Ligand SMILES: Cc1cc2nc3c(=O)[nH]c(=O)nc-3n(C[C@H](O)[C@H](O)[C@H](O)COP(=O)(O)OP(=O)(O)OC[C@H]3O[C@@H](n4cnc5c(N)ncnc54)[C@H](O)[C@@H]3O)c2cc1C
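This document starts with one chain, in the form predicted on its own, laid out as C-alpha cells.
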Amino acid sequence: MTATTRVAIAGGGLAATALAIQLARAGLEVEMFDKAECVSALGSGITLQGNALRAFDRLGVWEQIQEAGYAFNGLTLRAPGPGAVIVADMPEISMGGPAFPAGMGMYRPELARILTDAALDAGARLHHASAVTGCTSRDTDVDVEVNGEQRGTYDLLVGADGLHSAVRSAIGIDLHPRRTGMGIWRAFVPRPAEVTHTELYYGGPMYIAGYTPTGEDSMYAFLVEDAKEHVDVTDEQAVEIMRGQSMAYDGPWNHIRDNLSTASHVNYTWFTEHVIDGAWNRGRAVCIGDAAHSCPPTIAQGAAQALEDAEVLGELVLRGGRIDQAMWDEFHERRVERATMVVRSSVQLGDWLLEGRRDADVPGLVASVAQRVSVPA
C-alpha cells in the first residue's frame, strides 16, 4: 500500500470542509469539487449541539464559531394559546462536555464561510460549479470524473455531496432519502431580548413551533407541519403562510410575526431519513455526512453527525497514512451503529408526533441519545 497523498472531496458543506481542514493541515493534497456556483450567502439558522462544538474545537475553529454564534444552555417548553404559558424549563445535557455550552444557534451561511475559509487557509483547493459525476474505484486508487470529464486519479474519493449524492450512486449504492411525513418552515428574524435559548411549543395547529437565537441581534423561527408541496410559493406567499400558521402562538411569536418579511429568507423543506446499511465505502470511494445518512431535525444532531464522520475518517487516514481494510473496519465500527441510532431516534420522535402519542417517553429517548453522543466517536 502506498501512502495517502491525494484526496478528492465531492461537496462543500460541513462534512466536506471539516475533512478538508484536517487533511490539508497535515500536508495532503486536497481538492474539493462543489456543484454550487459559490459559498451560499442564503439560508436560515442551524442548531448545533455540544458534540458539534467539541468537533469545532478539534478543528481549531471554535473561537471563530463562538464569536459568530449564540451559545446557550437550557430549553423552554411553552403551550399554545394566550400568554404562551411556560410548561417547563429544562436543563440540557452538554453533549460536548463541561468545556462547551449545551447548544449554539448560528446563521448557516456564516458557519459555511468560517469552515470554507479554514479549509482554504489549510491549503485545500475548492472548485465551484464542479460536480463529481462519476468514478471508478479500485483497491489502490480511484479515478474521478467532474462535470462529465475525467479529472484525475486520487488515493481517496469522499462523497460529502448531500442527500442526493452522485458519489453514492456512482459506487453502486441504490438508496434514496425517504420523506417522513413532516415539513418545516424556517425564517430568519431579529432576536428580542427575552429569547436567550431555544423555546418549543407543542400542540396547536403545528406539530412544533419554535425559535433559536443565532446572534445578539438575530434568531431563526420554525414551524413543523404535515409535509406539503409548496413548490411554486412566492417569497411574499411564504411570509403570509408563516404568519397565518403561527397565529395560535403567543409570546415571542408576536414579535416574529411583526418582523417577518421577504428579507427573512423564508424557506420550506421536507423531513427525510436514510442511512447506508453496512459499509459506506466501495474500494477507495466512501460516503459521509448527508450522503451516508440523514434524519429529521427533531434532536438537532444532523450537523454533529456529519462532523463526527469527517473527524473519524480524517483521524484514521492520517493515523497510519494508508488506506486498507483494517482502517475501513474501524471507521465503520465507530460510525455506522452510532449514526444509525441517531437517525432512528430522530425518526421515532417525529413518528410519535405524527401519531399524536401523548404517552411516549420523549425525555427518555432524548436522554439516551445525549448519553451516547456525549462520548466522543
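All of these numbers come straight from a predicted model, not from anything done at the bench. One rule holds for the numbers: they count along the sequence shown, beginning at 1.
Only in words, not in the display: the form predicted together with this ligand, which the text now covers.
Chemist: Is there a heavy atom of Gly302 no more than 4.5 Å from a heavy atom of this ligand in the predicted bound form?
Modeler: Although this ligand is absent here, Gly302 would touch it in the predicted bound form, with heavy atoms inside 4.5 Å.
Chemist: Heavy atom to heavy atom, is Arg186 within 4.5 Å of this ligand in the predicted bound form?
Modeler: Although this ligand is absent here, Arg186 would touch it in the predicted bound form, with heavy atoms inside 4.5 Å.
Chemist: Taking heavy atoms only, is Asp161 within 4.5 angstroms of this ligand in the predicted bound form?
Modeler: Residue-level check for Asp161: yes, a contact with this ligand.
Chemist: Going by a heavy atom distance of 4.5 Å, is Gly103 a contact of this ligand in the predicted bound form?
Modeler: Taking the distances in the predicted bound form, the answer for Gly103 is no, it never comes within 4.5 Å of this ligand.
Chemist: Please determine, with the chain shown alone, which of 320-328, 66-74, 27-35, 346-354 has non-hydrogen atoms within 4.5 Å of this ligand in the predicted bound form.
Modeler: It is the stretch 27-35.
Chemist: Looking at Thr269, Ser218, Thr153, Thr136 here, can you tell me which has any non-hydrogen atom within 4.5 angstroms of this ligand in the predicted bound form?
Modeler: By the 4.5 Å heavy-atom cutoff, the listed residue in contact is Thr269.
Chemist: So which of Ile114, Ala166, Ala238, Ile173 reaches within 4.5 angstroms of this ligand in the predicted bound form, heavy atom to heavy atom?
Modeler: Contact with this ligand in the predicted bound form is made by Ala166 alone.
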